[in-house]
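In structure tokens, the next block holds one chain alone, the form predicted on its own.
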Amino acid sequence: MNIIHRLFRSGISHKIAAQQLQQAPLQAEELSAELESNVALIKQIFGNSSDLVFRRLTAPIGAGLAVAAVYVEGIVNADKINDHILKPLMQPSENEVASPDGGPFALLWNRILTVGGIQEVTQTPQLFSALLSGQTIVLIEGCSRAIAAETSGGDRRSVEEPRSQNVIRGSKEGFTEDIVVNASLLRRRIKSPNLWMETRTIGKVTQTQVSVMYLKGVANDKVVAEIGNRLNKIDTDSILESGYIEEFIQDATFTPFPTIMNTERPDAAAAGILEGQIAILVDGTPFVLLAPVTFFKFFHSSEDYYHRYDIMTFIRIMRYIAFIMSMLMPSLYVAITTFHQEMLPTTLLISLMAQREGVPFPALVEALMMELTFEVLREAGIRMPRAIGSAISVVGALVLGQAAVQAGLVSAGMVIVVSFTAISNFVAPAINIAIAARLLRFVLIFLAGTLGLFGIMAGLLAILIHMAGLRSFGVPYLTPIAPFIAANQKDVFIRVPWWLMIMRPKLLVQQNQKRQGTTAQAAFASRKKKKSDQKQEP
């Protein structure tokens, strides 16, 4: 603490002091036995912040004991402080008036404070960390130990329906910005003592809580250890969202494809944990990370497992087709109309050429101009106030598209292609894989405008080679297609009935453990036995 005293005595600016404090971290020192000394130290370190509350009182213990309760206003539960800390300290029962063996600290710890979670604090870093986490510090005169009582609370957003991953059938609960609430939502769905949770603090300034949840015995221990090592190596001042963690621990940086999944749905996170994935919860954000992940996982929705398997198989295949179209449609249009007109039927070719007769730009410039215009409209619709955002995006697209066609700047065919491409891009359940398609679309358009279909094929080949080399914590990105795993084909492009999915995905678990347990195994065995009996009948 000598460094801090020197900085404040020198009268230098807060900015320089903060920089020097960051270069010279706060050293752990024991608390003083004097109550006023501890109070003065806390005020000095926090700069007499107005939201720091000190409640001094005299507890009727022995001849009267000076006690101080310290907490940060706004991040605590005031009712819990009043009912379980202040009232018990001011009105102890008759058999608690005399100081027991062990002194006042033991009396407060064992018999007076009625808060569920309490811990002993003996050093200054523990005290400051507890205060900023929403705990109430109880300082006692003549005692060099303090009590940190769990009283975190304040105004928080309640559990609501997810806004980014909506479903028709399924749970309407979504993660919140509170890491404790998020962990409880997962534990309500996975009622197993094997659901382990490891919590660490990351960020020198923000001190953000980051928790890793996984199913012991199902998740790969090597992957769990690797995620822990990568989290421990993070050296930064702030973690404000799970995207910070994602960039720090992902395998590949220079790639448009995400190698870590994020979800706002507790049921999706629970399903991933049951399949061997590891969930990373970050305090202050409703998005939970899941790793490792493969490319095909981004096309699976929670709703795929709540409806009939045949219907959802059709919808899943439609998602793959829409993703391919969102990448290739503009580039194919540019390549065919520029270099390969012989591929089109004569009637269609004449119609397209008639539309392009008055267009002053080549197809490449026309496509890039329309795509950039739509991207601007998309961003404007997101950033504008909700009341007018949708109107701006829809009306802007219609008015600008119609006006551009009438002015002869673009052809009607190009407007149709770009519009359908944009709609196809919204079909993907995961927004980050849709963003990857948006970025690759511009690269393929440029290749199509310069090399035609040969450029598109070269671009697709480069993309496939790049994807084949990606890893997500050691798992190949194109699993289970490359490498091909026959046992995992039941839930990739199609979704077979539940009674056929009795094994967890390979490469994500340590052993080929059963997904459903004895009930699914018995159902599968009974169906198999019934079919064999029918074949043996004359």
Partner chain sequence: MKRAGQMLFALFGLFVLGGCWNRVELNELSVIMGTAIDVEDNQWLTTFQVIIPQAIASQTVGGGGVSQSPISVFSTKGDSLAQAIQKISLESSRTPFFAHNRILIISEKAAREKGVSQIVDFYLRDGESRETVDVVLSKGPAKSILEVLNPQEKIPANAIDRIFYETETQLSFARRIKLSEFAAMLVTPALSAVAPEIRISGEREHRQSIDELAQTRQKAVLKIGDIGVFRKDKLAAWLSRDESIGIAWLSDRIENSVISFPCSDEEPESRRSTFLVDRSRTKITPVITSDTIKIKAAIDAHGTLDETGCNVNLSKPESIKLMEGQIKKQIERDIALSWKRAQALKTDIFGFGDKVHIHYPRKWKQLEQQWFDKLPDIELVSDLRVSIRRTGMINDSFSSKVKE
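Owing to the predicted nature of the structure, the values given are computational and were not obtained by experimental measurement. Residue numbers count along the first chain shown, from 1.
Below, we refer to the form predicted together with the partner chain, which is not included among the displayed structures.
Enquirer: Between Phe299, Trp109, Phe323, Phe446, only one gets a heavy atom within 4.5 angstroms of the partner chain in the predicted bound form; which residue is that?
Expert: Looking at the other structure, the residue within range turns out to be Phe446.
Enquirer: Counting any non-hydrogen atom inside 4.5 Å, which residue from Ile317, Ile435, Met457, Leu451 sits next to the partner chain in the predicted bound form?
Expert: Checked against the cut-off, the match is Leu451.
Enquirer: Within 4.5 Å, heavy atoms only: does Arg189 come near the partner chain in the predicted bound form?
Expert: No, Arg189 stays farther than 4.5 Å from the partner chain in the predicted bound form.
Enquirer: According to a 4.5 angstroms non-hydrogen atom cut-off, is Arg230 in contact with the partner chain in the predicted bound form?
Expert: Result no; Arg230 lies far from the partner chain in the predicted bound form.
Enquirer: Hey, in the predicted bound form, is His340 touching the partner chain, heavy atoms inside 4.5 Å?
Expert: So His340 counts as contacting the partner chain.
Enquirer: Consider Thr346 of the chain shown here, and say whether it contacts the partner chain in the predicted bound form, taking contact as heavy atoms within 4.5 Å.
Expert: The answer is yes: Thr346 has a heavy atom within 4.5 Å of the partner chain.
Enquirer: Using a 4.5 Å heavy atom cut-off, indicate which stretch of 279-287, 266-274, 231-239, 351-359 touches the partner chain in the predicted bound form.
Expert: Among the candidates, contact is made by 351-359.
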